[in-house]
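To begin, one chain is listed below as structure tokens, in the form predicted on its own.
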Amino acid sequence: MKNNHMPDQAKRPPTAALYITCLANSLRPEIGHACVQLVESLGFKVDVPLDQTCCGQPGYNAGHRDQAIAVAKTQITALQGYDWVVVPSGSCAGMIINHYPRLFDQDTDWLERATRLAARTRELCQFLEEQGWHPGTRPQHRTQHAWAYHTSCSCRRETHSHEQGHRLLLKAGIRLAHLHDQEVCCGFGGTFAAKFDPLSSRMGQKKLAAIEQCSATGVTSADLGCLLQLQSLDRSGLSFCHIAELLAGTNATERQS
């Protein structure tokens, strides 16, 4: 006999955890709001787990494996129970998808949990394209810009989602400028920018010169770290906008089957 007080699990909306990332949470919370709008437009119930912290990549890249393992365990626990985990950063998504399982190659129980989490984690652009996102309207207040799409190293090499981001921007009617040497690093690289500041700055300035050559008036990327790096060096008054903010500005309203 059916219990009318129990929810019908077969009809519940699919759930998605937003893994907001440290940079977005601290410096550009608007990105989180844009992500919620985009994912909810696809029919998902979005939650932002309060126990999430850093993904552990800075410590992992610095060789502090034990610290990275401890941080990874916290994230795996915080993100369990959701159908999907959506990350507006190729860097953090790549850490969860590719490197969490490697951290636990000697721990069978945690390896299984890390592998399950990796399988349902997606960088934002991956998730939107896989789920069939379509814009509701053409962009309005941002049409005056020709945007240079900077494809971060992590989106290219960790999540392989840079082409998905490009297709989504075109689908949304965003005007893109042709950026030469698009695959070249902007110089951020997380702790690299702090350890090798002069080299990092020269790389960023070279990227900005390429953006100037393509006559773009704005820069977009799926990684906020890259945008902050370039914005800190820019002296020409460019606009900088995360891809989630641009796509959400087209008022996505429905999922196409």
Partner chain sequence: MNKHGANGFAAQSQQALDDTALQSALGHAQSGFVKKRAQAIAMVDEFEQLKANAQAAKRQALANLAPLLEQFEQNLIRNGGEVHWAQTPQELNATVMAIARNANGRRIIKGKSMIGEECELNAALESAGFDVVESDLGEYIIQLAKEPPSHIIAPAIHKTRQQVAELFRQYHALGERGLDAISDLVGEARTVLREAFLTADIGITGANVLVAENGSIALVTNEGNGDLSATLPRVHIVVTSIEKVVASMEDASLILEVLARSATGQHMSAYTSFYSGPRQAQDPDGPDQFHVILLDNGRSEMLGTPFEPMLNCIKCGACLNHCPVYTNVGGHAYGWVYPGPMGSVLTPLLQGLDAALPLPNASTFCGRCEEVCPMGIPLPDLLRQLRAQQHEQKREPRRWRWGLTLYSRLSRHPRLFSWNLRLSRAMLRWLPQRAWPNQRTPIRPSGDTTFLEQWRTRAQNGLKNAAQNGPQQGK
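Since we're looking at a predicted model, the values are computed, not measured. Residue numbers count along the first chain shown, from 1.
There is also a form predicted in complex with its partner chain; it is not shown, and the following applies to it.
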Is residue 25 close enough to its partner chain in the predicted complex to count, meaning some heavy atom within 4.5 Å?
yes
Using a 4.5 angstroms cut-off on non-hydrogen atoms, would residue 118 count as touching its partner chain in the predicted complex?
no
Residue 130: touches its partner chain in the predicted complex, heavy atom cutoff 4.5 angstroms:
no
Look up in the predicted complex whether residue 203 has a non-hydrogen atom within 4.5 angstroms of its partner chain, and give yes or no.
yes
Would its partner chain be touched by all three of 218, 236 and 241 in the predicted complex, meaning a heavy atom each within 4.5 Å?
no
Though the partner is not shown here, which residues of 74-102 have a heavy atom within 4.5 Å of its partner chain in the predicted complex?
74, 75, 99, 102
